[in-house]
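There is one chain below, alone, in structure tokens, taken in the form predicted on its own.
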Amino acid sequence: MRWVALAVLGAGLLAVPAVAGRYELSVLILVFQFVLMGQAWNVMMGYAGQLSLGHALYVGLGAYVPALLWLHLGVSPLIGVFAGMAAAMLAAGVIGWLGLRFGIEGVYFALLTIAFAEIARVAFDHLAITGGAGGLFLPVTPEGRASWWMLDGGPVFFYYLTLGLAAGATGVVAWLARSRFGFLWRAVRDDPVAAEALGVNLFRARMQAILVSAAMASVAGVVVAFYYRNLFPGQVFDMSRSLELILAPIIGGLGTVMGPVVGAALLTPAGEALAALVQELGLDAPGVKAVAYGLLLIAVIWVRPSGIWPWLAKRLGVS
């Protein structure tokens, strides 16, 4: 029955571009982006228990590195994505080594991740090659020469691309959750002392989760760069982006495969609908979406502290 439901859902998602308009596709593309970024953070926090509030660093590196390689060397982003992953994993490795080597945990580890994201923001603000604070702009390929190889296409192209990436990330997390990595991460998260007593290498297990999470987040950065075709350090590396991407897994259910999916599917359309409503009413309320996200987060934590998906899964009779 579960596979039938998944098949029906998959067929419905594949058929969406045939009936949806440009605006609806843009909202769904945003949903899939947050699923991908949420799954990345879910690996690190939900499964391994490592709190990060600086994941914008990995998204930003995953955006800038492929964009610069394409802009200056003509390297396809499908190849540049691996360079972006390497850069993000290198940064994550440094942060992870510093944090784990010196026993920096919990909120102090989160502060370390914020510090590195801020360092990147300031650095990219002053680097000529990145365009500095003025931004980096990717030219649009002339009509007739656009191709998937260069990640150049319209909303339908990016709809299917982000749908595939979101589905792939969810599949990877589902596999990891049932693999040896997932069991080790949960053991380290729930009781590190007992896990270490049983022979688990805490440093290695946590570092693996940090690196996997950074690599997944960097892939989302490639979509950010080539979908919007402009990058500003003050936006890409800003802490608000790090906070925004963690909301879906928290609301949906941390440490669950479907939590980030459910959270993004509920949160993003609600936020976009509210912003559109405020604009339609002619009100000047630039922070209304953030306020709505905050209120929704408080409500979910109050009513369903473990997230929406665990409660919903019980009602649907799935695990």
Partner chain sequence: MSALLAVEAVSRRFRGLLAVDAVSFEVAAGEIFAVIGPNGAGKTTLFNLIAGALAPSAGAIRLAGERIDGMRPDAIAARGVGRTFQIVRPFPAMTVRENIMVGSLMRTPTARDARVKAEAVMERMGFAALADRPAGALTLPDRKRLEVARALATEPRLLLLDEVMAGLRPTEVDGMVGVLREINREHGTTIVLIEHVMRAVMALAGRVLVLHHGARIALGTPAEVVAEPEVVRSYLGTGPIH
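Numbering follows the first chain given and starts at 1. In this text the structure is predicted, and so the values were computed from the model without any measurement.
Separately, the form predicted together with its partner chain exists; it is not shown, and the next lines address it.
Interface residue remark: G134 is not counted as part of the site for its partner chain in the model of the complex, having no heavy atom within 4.5 Å. In the model of the complex, its partner chain sits within 4.5 Å of a heavy atom of N201. Although the partner is absent from this view, R180 contacts its partner chain in the model of the complex, with a non-hydrogen atom inside 4.5 angstroms. The closest non-hydrogen atom of V193 lies within 4.5 Å of its partner chain in the model of the complex.
The stretch in contact with its partner chain in the model of the complex, judged by heavy atoms within 4.5 Å, is 193-201, chosen from 193-201, 227-235, 70-78, 214-222. Contact with its partner chain in the model of the complex, defined as a heavy atom within 4.5 Å, holds for exactly one of L161, M89, M207, A187, namely A187.
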